[in-house]
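This document opens with one chain alone, in structure tokens, the form predicted on its own.
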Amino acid sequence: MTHAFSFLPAKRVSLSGTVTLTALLLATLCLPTHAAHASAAEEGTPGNTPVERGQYLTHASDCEVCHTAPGGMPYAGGRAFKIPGMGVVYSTNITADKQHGVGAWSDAEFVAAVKQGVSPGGKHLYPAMPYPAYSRLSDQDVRDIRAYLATLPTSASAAPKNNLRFPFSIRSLMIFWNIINGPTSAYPDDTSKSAQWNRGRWLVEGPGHCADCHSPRTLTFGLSSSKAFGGNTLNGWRIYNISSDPKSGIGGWTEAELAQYLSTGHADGHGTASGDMADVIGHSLRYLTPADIQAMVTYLRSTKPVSTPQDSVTFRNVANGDASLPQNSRGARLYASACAGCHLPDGTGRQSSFASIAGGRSLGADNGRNLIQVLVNGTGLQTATGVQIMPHFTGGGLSNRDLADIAAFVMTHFTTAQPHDLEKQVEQTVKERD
């Protein structure tokens, strides 16, 4: 859930120095195998036809977000994924166009690409495509996804060429990566757990590929199993801890709050989704059934707690009313003039619940990383009633120092955070934006 958006699931195996092919092959002996048959958890997908089921699974798998460039045609590819230390990978065209898309592929070739990361001709995909997670889908699930994609408008757009540093530009290295990091396959239901829990596990770890964004990486760029769902940093954003930890994860949320957030992008007392998470909710999670959302909640609340201090925030009790805003700092005055009109002095929001920032982790977590991202880049959330937009504040008469002062005020007004070096952080974020 990148979403979605970098190198993929792994057992915790690290590479150091020169590793021989023999060693890599021996490493596979230590990896657990999984049953290849579909579990009951996979069989709850709504739909009476392959196209209907495929549409649901396409939403659940968050395909549109990753395979659509900003402002581009849906599923035509071209979205850039910046991988620190490696370079840039661009998503591919998955429309039914026969030359630049997947229209000329057979069903078997499409299944192999989605579940094994191998496209026609034996070309290995980079695991920015989350095929290790998708390996938990059945072959029929993947064929249903293709049946739905075939009903959509086609595009003749070709994705830009990847720009990867050596040796990551050598695709054949993915053979060794796969030996260590997957893909796996469907696993049987855990009979000690409820059907709801098993469905939730399948949605979270399979099509939803939540760990791909919300888990840190190992030295092999696989997912850390010991810190699963403990948060990560991608594309300049902090992807928050969603483990069951009560302070830095979602353990302190009620089931109703978490379900509201996943299905709408907002939860009272926890703020509104932004950045990549807003994309995931707007194009994926809001289309899931209430039963599937509840299944995901059940599973996520059962995960191992992982403590990450940078995600922990202590909030202040802030009074409402314009008089409650102090006027003794530039940040406070700037907030009053540029922000309070929508968000109000206490952060509860004026025009709609989506304008409420009260209780949002972005107000204080990770030295204001995501707060600054929103101020510099803005964000938008697709909802059932239209797009909820938070505009960016760069190029509108506010300097980098102004944005840093606003961020510092927000952090100290709403939370007990102690910000530092915010102007440098703003400058770096603006540079990355440009």
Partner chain sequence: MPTLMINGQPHSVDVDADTPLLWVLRDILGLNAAKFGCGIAQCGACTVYVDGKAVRACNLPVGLVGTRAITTPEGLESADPVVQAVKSAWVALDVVQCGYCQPGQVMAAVALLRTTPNPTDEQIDSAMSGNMCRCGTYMRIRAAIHHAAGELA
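Note that the structure is a prediction, hence the values are computed from the model and not measured. Numbering follows the first chain given and starts at 1.
One more form of this protein, predicted together with the partner chain, exists but is not displayed; see below.
Trainee: Can you tell me whether Ala228 touches the partner chain? I mean in the predicted bound form, with a 4.5 angstroms heavy atom cut-off.
Mentor: Output for Ala228 is no: heavy atoms all beyond 4.5 Å of the partner chain.
Trainee: How about Phe354: is it within 4.5 Å of the partner chain in the predicted bound form, going by heavy atoms?
Mentor: Taking the distances in the predicted bound form, the answer for Phe354 is yes, it comes within 4.5 Å of the partner chain.
Trainee: Please run the contact check for Gly395 against the partner chain in the predicted bound form: heavy atoms, 4.5 angstroms, yes or no?
Mentor: Answer no; every heavy atom of Gly395 is more than 4.5 Å from the partner chain in the predicted bound form.
Trainee: Counting only non-hydrogen atoms and a 4.5 angstroms cut-off, does Gly341 reach the partner chain in the predicted bound form?
Mentor: Contact with the partner chain, yes.
Trainee: Exactly one stretch in 274-282, 332-340, 92-100, 164-172 has heavy atoms within 4.5 Å of the partner chain in the predicted bound form; which is it?
Mentor: Careful reading of the contacts points to 332-340.
Trainee: From the list Thr191, Gln327, Asn317, Thr314, which entry has a heavy atom within 4.5 Å of the partner chain in the predicted bound form?
Mentor: Exactly one residue meets the criterion: Gln327.
Trainee: What is the one choice in Gln55, Asn367, Asn400, Gln388 with a heavy atom within 4.5 Å of the partner chain in the predicted bound form?
Mentor: So the residue touching the partner chain in the predicted bound form, by this definition, is Gln388.
Trainee: Could you list the residues in 42-60 that come within 4.5 Å of the partner chain in the predicted bound form, counting only heavy atoms and keeping sequence order?
Mentor: Contacts from 42-60: none.
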